[in-house]
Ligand code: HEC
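A single chain comes next, written as structure tokens; it is the form predicted alone.
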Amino acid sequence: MRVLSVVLLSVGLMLCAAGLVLAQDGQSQALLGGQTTVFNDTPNAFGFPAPGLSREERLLFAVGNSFFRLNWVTAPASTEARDGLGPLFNSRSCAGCHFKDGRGRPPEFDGEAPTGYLVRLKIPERTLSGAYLGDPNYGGQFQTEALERIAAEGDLRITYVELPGQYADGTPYSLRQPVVTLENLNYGELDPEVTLSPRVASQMIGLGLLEAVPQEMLLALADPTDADGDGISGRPNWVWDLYNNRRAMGRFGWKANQPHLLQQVASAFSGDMGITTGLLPLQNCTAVQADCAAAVEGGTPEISDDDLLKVVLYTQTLAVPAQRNVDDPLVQRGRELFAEAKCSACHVETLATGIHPEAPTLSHQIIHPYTDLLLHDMGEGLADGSPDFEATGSEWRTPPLWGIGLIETVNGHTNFLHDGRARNLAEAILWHGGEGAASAEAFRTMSADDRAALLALLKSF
């Protein structure tokens, strides 16, 4: 942590030299995205470009937004720039999972189509790059949709087991444990050793800022052997960078399995929509899916490099909304409790960006994302048993907290955690195990007033 403080101090001195004084008041805390923060708390709060983009960047942002929102269609089609959907897919558009650039959720009732919810498949065999293989018949992601005359991979079903508990003051609560099954399989049996890892789509804000945080700043937060004895042992996930053909630190995805947004976006086009890119040029078909492999393609690749980069720029420059109610005494009390419960050991409040080569306005910003982007063991309760590069089956990347208080406004639900099992923020806290168990217990044993104050802080982000 001392190394991080030195790095932050040096960045702060650079900003002050440039005439940007780092105030330590509530207004500064409200600027979660630094000088790229927007003040908006409407249902469109996640959809604004970062302030400071050039006119050309704003035009590219608008085109990227179009590719993000509009549905892809079956090839061949008159809309050649947007054909090539599938053959197997989970969504017809990026926005189909990230509605209004926000979060997905699990189906609300049996038989409802998933909305930004999917299941990853892994078997315990690895490639030379260290990636775990997907199921031999179904690949790395179970796809419930398909083009006409092609069989989808099957259906997914979620049931829940309620786990009752109570706060120290006797107030009852219940957590729901999801049970995910894959049914009506059309391409044979699943591998007997396959793991199922359900995931919901995350909100899109501030990703370019996180991409611009210097690697050394994040490594300064890592403590893989828990040398300081605080019970927190965050560590980076070292993954494979396809573009640079080298090992790199992961930053994005629930298990930090993507090194940068180019690879994150290309992987989503491939896995979620079946759209090939220059980075991932092969169709998402396994050896037993003959009709998938024989389907007409929408070009080679199906989204051009230029258009892909516009979508990447869009994802990099979506602005972070400001924190609200910073001066509210309840929120201020919540901030004290957040620190006392050691939530900030993983959800690190303040980071600083270095130079972002594609979006200069994101450079040299003091930001408050409340994450360290590191892996933490969250215990058996949240474990999916599915490793990902160096992440184990019980490790997850610390998700940023900025924007979580607006999910209900933007997306109309309050489902949290990697699979949306938590129906509200209180349940999300109580699910923390492993390295987060002490913080969860601190919350469970708080008075009702203090619990309300901590939740008020989270809802203000």
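On a predicted model such as this, the values are computed, not experimentally measured, just so you know. In case it trips you up, residue 1 is the first one in the sequence shown, and so on.
What comes next is about the form predicted in complex with this ligand, which does not appear here.
The stretch among 211 to 219, 110 to 118, 73 to 81, 156 to 164 whose residues place heavy atoms within 4.5 Å of this ligand in the model of the complex is 110 to 118. Interface residue among 201, 362, 367, 239 relative to this ligand in the model of the complex, by the heavy atom within 4.5 Å criterion: 201.
Out of the listed residues 352, 146, 194, 382, 382 is the one that sits within 4.5 Å of this ligand in the model of the complex by at least one heavy atom. Although the partner is absent here, residue 91 lies within 4.5 Å of this ligand in the model of the complex, judged by heavy atoms. The closest non-hydrogen atom of residue 376 lies within 4.5 Å of this ligand in the model of the complex. Not displayed here, this ligand is kept clear of residue 100 by more than 4.5 Å at the level of heavy atoms in the model of the complex. Under a 4.5 angstroms non-hydrogen atom cutoff, this ligand in the model of the complex has residue 399 among its neighbouring residues. Interface residues of 430 to 460, taken as those with a heavy atom within 4.5 Å of this ligand in the model of the complex (partner not displayed): 432, 435, 436, 439, 454, 458, in sequence order.
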